[in-house]
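What follows is one chain in structure tokens, specifically the form predicted alone.
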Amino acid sequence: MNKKVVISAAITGSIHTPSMSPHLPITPEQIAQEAIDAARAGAAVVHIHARNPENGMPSADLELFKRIIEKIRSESDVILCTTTGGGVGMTVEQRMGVVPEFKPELASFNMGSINFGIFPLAEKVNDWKYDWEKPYLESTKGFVFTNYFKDMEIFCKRMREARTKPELEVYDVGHIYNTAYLLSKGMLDPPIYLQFVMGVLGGIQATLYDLLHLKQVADRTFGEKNYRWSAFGTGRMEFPICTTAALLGGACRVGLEDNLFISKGVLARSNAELVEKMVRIIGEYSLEPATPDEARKMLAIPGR
């Protein structure tokens, strides 16, 4: 078991909407500051989405990303992991645009198509701040988050050109085998970095049994020494999955993208608060959060 744990903070995402929490960062300045604070709290990696600062809707606007990225880079050496998942309805070109433009050290890379179902969240809100929120969530009942092999090949090419390491998002077991196919064709460079995404309706659910299954399949497929990995669970399973991942020698991810609560019924006030809780938990097992430079070595990231 590693004595150091790489903690990522997913700052705002494209799942939760402003009506769900007043603490969800929306403007570029808020998102950047939340990332900086999360890094100070112990996150070695920050996962970045952008939002329309007027209404909080997920956005692919590169000018918004620029404002976020420049502020973070000016104040922190934290590893930047930009999204290429984007939000509901974005094209592949919109999702990918951030990589060649900013050449981040890490970028998410989704390893297959799923019916990304966040429509049940619409049932939990009665008062909506913005007109787009409820239709956006409800539309996912008929929405397939498409990641075709032809698109994944383009992602491989562009990330390699940008010297960006792919964070390979695994929503189900089949996505491990998709990864193995791309690796066998020389489109990915070992050691690869897998992120087990657990708890999204349409993908594998966030149970300890399923986490062990994903780990065992990855071990059989790649060999334990040939890949790095991380895991997170959505909602109330964020900390159980992250704790188990850390104890198994993996990295973990917390943040307001995945979970809005610090404890049962209590909204987290910031991403930093969620990171601090994760640091406390691993500390109980004599583990420490990795620094950004330690994480670069552990995850085999070449650096900017």
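From 1 onward, residues are counted along the sequence shown. Note that the structure is predicted; figures quoted are calculated from it, not measured.
FYI, the form predicted in complex with (5S)-5-amino-3-OXO-hexanoic acid isn't displayed, but the following is about it.
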Q. Does (5S)-5-amino-3-OXO-hexanoic acid get within 4.5 angstroms of any non-hydrogen atom of Glu169 in the model of the complex?
A. yes
Q.
Against (5S)-5-amino-3-OXO-hexanoic acid in the model of the complex, would Glu34 count as a contact residue? Criterion: heavy atoms within 4.5 Å.
A. no
Q. Looking at the partner-bound form in the model of the complex, is Ala295 within 4.5 Å of (5S)-5-amino-3-OXO-hexanoic acid by any heavy atom?
A. no
Q) Is Gly203 one of the residues lying within 4.5 Å of (5S)-5-amino-3-OXO-hexanoic acid in the model of the complex, judged by heavy atom distances? A) no
Q. Non-hydrogen atoms within 4.5 angstroms of (5S)-5-amino-3-OXO-hexanoic acid in the model of the complex: do Ile15, Val197 and Arg253 all have one?
A. yes
Q | Partner-facing stretch of 96-104, 127-135, 172-180, 79-87, counted where any non-hydrogen atom is within 4.5 angstroms of (5S)-5-amino-3-OXO-hexanoic acid in the model of the complex | A | 79-87
(Q) Just to be sure I understand the contacts: of Thr140, Ser108, Thr164, Ser230, which is the one whose heavy atoms reach within 4.5 angstroms of (5S)-5-amino-3-OXO-hexanoic acid in the model of the complex? (A) Ser108
